Ligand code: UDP
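The form predicted alone is given below as one chain in structure tokens.
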């Protein structure tokens, strides 16, 4: 059974490479990995960390390239690949432009598609374009691996039945990354202050929304000298320019390059809280018991909100500040967010997916 695992972005690499290692344990599979290059620089270190070299590499990103231009280039690249190479199954992940374009090219050529992290929904247009991508991929796929029971229900509403919750492969990655003996210069810089991690990258938050959210974070930092913030900045210049402008005179924050997955996971596991608009970090933080203040008005990972690990705060300056102080000033609220949850998996998702892929291949 010839399988192509598709990776494009940093989150995809973190979530899919543990699955690649699991699939390679089975002699029944010939596993190839395609890296689309959507996050070329941010993925390189992750491939090296997991000891995996892509079998196929595209180079699709250019400075200032629009979403349309990226999609067009990805379509051309995947179409050429599927024209010359034959696969029994492609595995795509989540809701990225890479996953959507790979799925569409495979669908047109009659190649079976398996969707890892299927069934997530907000039932709104945001996050953009992720919500559209994930719905479209689920409709093209013939094999679905939903992470939670809620995702199973979402798929059933759309006529996709007989799926089983398998968890999320991001939890599997902790077996490779978490280190009890981890040390970092960041700990010295923090000087025993509580560490807060900040990340932001959502397309729909670019501009004034992002600036207002970061101003809210600045208000928090200016009123809490017991806190030290670490902000690994996304490479997008629009994000970096806003961050540098807002935090230009803020002493208790460290603006840095994107962290290697080993460092990020270990810092996350030791963080006091996370302020983010990320999807995957909600899953990671819930498993680690780290409170998440989410800079969005809705989430496709509602389980994390129900479990009490994630607090939806939006992007308004006052709302960000108020939510943080409301939670952090109440021990009951804080404790309710600090519990560890396995709602997104227990570290065995890759094994479950590999076994289900084997069964599908034998039908």
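Positions refer to the first chain, counted from 1. These numbers come from a predicted model, not from an experiment.
What comes next is about the form predicted together with uridine-5'-diphosphate, which does not appear here.
Student: Does any heavy atom of residue 202 come within 4.5 Å of a heavy atom of uridine-5'-diphosphate in the model of the complex?
Tutor: Taking the distances in the model of the complex, the answer for residue 202 is yes, it comes within 4.5 Å of uridine-5'-diphosphate.
Student: Hey, in the model of the complex, is residue 345 touching uridine-5'-diphosphate, heavy atoms inside 4.5 Å?
Tutor: Outside the cut-off, so no.
Student: Is residue 129 a contact residue for uridine-5'-diphosphate in the model of the complex, using a 4.5 Å heavy atom cut-off?
Tutor: No, residue 129 stays farther than 4.5 Å from uridine-5'-diphosphate in the model of the complex.
Student: With the partner left out of view, is residue 211 within 4.5 angstroms of uridine-5'-diphosphate in the model of the complex by any non-hydrogen atom?
Tutor: No, no contact at 4.5 Å.
Student: Tell me, which of 228, 272, 82, 264 has a heavy atom within 4.5 angstroms of uridine-5'-diphosphate in the model of the complex?
Tutor: Among 228, 272, 82, 264, a heavy atom within 4.5 Å of uridine-5'-diphosphate in the model of the complex occurs only for 264.
Student: Among 278, 77, 97, 154, which has any heavy atom within 4.5 Å of uridine-5'-diphosphate in the model of the complex?
Tutor: Looking at the other structure, the residue within range turns out to be 278.
Student: Want to guess which of 8 to 16, 351 to 359, 336 to 344, 21 to 29 is within 4.5 Å of uridine-5'-diphosphate in the model of the complex, heavy atoms only?
Tutor: Going through the listed ranges, the match is 8 to 16.
Student: Is uridine-5'-diphosphate in the model of the complex near all of 114, 138 and 167, within 4.5 Å of a heavy atom of each?
Tutor: Spot residues vs uridine-5'-diphosphate: no contact at all.
Student: Any residue of 221 to 255 with a heavy atom within 4.5 Å of uridine-5'-diphosphate in the model of the complex counts; write them all down in order.
Tutor: Result: 232 alone.
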